[in-house]
Structure formats: structure tokens, C-alpha cells
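Shown below, as C-alpha cells, is a lone chain in the form predicted on its own; questions about how it binds or moves come after it.
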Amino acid sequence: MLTKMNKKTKRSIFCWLALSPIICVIVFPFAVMFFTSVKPRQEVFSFPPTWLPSQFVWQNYIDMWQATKFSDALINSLYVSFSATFITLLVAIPAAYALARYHFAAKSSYRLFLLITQMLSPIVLVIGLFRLIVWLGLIDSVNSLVLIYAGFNIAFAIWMLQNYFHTIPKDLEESAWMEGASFLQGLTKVFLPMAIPAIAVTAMFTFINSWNEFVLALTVLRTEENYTLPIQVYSLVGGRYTIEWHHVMAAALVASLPAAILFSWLQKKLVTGLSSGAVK
């Protein structure tokens, strides 16, 4: 037993040592943001620069929040990202289920069409999307971003989900039907619990794509009340004669927290859904 534990410990230490350079590269930008955000203003512009602050000025976060309409931007980003994710999953789950379970004409062509849409950059469609949004009367509205983000993510979500749905045995649903379950009961109590890992990953990618998007938001939105977080953070830098970098770093760090929290929460769902449907 001790030999097995020693081998396991050595293997863990080796893995952590092998991954440490990657961890340092990933953590370094966040460390720079954090230490810059809590520095006194005079130290931010000092030369040569210092890595650590002489004192931690937590007031910078309060000043940043009050000096900008950060709360409005945070609410707008949460609304846009969650709404786009909900609409995407609402459309993508039935479509992916149909692709995985049924055979119909032009199924291969439809899958190829989904793949081709992922090769188009949103920037190529900016002019057309802008004219469409103007025609719909949704310019300078966060609802226009919800529709745009959902439209861009639906094809990606269908492609991801239908590949995973193929791996779920149909025998489990058929067993539930033979025991008297309806089609809807078999779908909700057997199939969807087993699909939780794929749905969680798809929701995470959709949320992050909507949360971080900048170009389309900058094109559609006009007034500061409707800004999302990427535009609000950019407004602290763009067109400014003097840039308050401690405020910029504080805003950037706070803006990155919701995506990190969502990822850590959904990470648990990746394991819980693997066998729950089969057990039921």
C-alpha cells in the first residue's frame, strides 16, 4: 500500500513539475493585472517599474467602480451572455438530437453547412449585420447582441452536441420506453442527464464567446448605458489623454471573474452527468 502511495505521489509531483511552465505562463498576466490594480497611482507610473506594490490600495476598485458605469456594463454583459447561451441551447439541443438519432434527406449536406459556417469570421459579416440591425430598429440595443451572438453560436453548438449525442446508446432510451416511459420522459430523465457534460461544455464556450466579444458590440452599441464589459474596459483606454492603468487593470480583472466562476462551477457538471442517466 505504501509503495502504491509513493508511486502515486511521485507521479503527481512529476506532473505538477511538467505543467508548472504552462501554469506560470497562464497565471502571469493575471498576477500583473492584480498587482497593478492595487498599486498607489504614483507607483504605476514610476520608472523603473516595481513588481510588488509598497501598499495594497483596495480603494482603487471602489474608485474604478464609481468613476465608470461598470455596474451597468456588468449587468449588460451578464444579460447578453446568459440570454445568448439560453437561446443557443434551446435551439441546438433539439437540432443536435435530430441529427444524432434520425436519418433524413440532405443530412450530410446540412452537417457540411454547419461546418462551413464556422469558417466564416464575424468581421466579414459586420457590414451586413449592421444594416440588418438598423433595418430591425435594434441599433444601440443589447437585444441585438443577444440575437447576433445566438446566431453565431447555434451552428457551433449543434456541431459539438450532435457528435456527443452519437456516443449515447439509444438502447437506454428504448429500455425506458419499454418500461412505460413516454418519449418526453425518456428524453428528459434518461438522455439529457447523460448529455450534461456536453451541454455544460457547449454552454461554457457559448457564454465565454459572448462575454469576450468586442468588434460586433463596438459596431452596434452607441451609448455608454448599453456598453458591455469589453467596450467599457476599452473606453478606459481609447481616446484618453491620461490612462489610469490601475483602474484599467482593476476593471479587466473584475471582468474576467464571471467567466472563471462559471468555468469552475460547470467543471463539476462534466463528471456528474456521465452515469446519472444510465442509473436512472
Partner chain sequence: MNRNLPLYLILPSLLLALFVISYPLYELINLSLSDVNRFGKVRGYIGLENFTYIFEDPLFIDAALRTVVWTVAVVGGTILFSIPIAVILNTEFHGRGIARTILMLPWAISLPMTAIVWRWSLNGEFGMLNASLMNVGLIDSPIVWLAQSATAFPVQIGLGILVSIPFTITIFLGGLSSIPLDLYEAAKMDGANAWQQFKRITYPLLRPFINMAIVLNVIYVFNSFPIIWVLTQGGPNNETDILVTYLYKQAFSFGHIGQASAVSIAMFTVLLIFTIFYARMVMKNEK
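It should be emphasised that the depicted structure is a prediction, and the values quoted were computed from it without experimental measurement. So that the term is clear: the rigid core is the largest set of C-alpha atoms that superpose within 1.5 Å between two forms. Numbering follows the first chain given and starts at 1.
Only in words, not in the display: the form predicted together with the partner chain, which the text now covers.
- Taking the partner from elsewhere, F165 is found to have every heavy atom lying beyond 4.5 Å of the partner chain in the predicted bound form.
- With a 4.5 Å cutoff on heavy atoms, L129 counts as touching the partner chain in the predicted bound form.
- Using a 4.5 angstroms limit between non-hydrogen atoms, F205 touches the partner chain in the predicted bound form.
- When contacts are judged by a 4.5 Å heavy atom cut-off, A198 does not count as touching the partner chain in the predicted bound form.
- The candidate spot formed by A73, S108 and K189 lies out of contact with the partner chain in the predicted bound form, as no residue has a heavy atom within 4.5 Å of it.
- Taking the partner chain as positioned in the predicted bound form, the residues of 25-54 that bring a heavy atom within 4.5 Å of it are, in sequence order, V25, I26, V27, F28, P29, F30, V32, M33, T36, V44, F45, S46, F47, P49, T50, W51.
- Once both forms are fitted on their rigid core, the CA atom of K170 lies 2 Å or more apart between the shown form and the other one.
- A movement of the C-alpha atom of L184 reaching 2 angstroms or beyond is seen between the shown form and the other one when the two forms are aligned on their rigid core.
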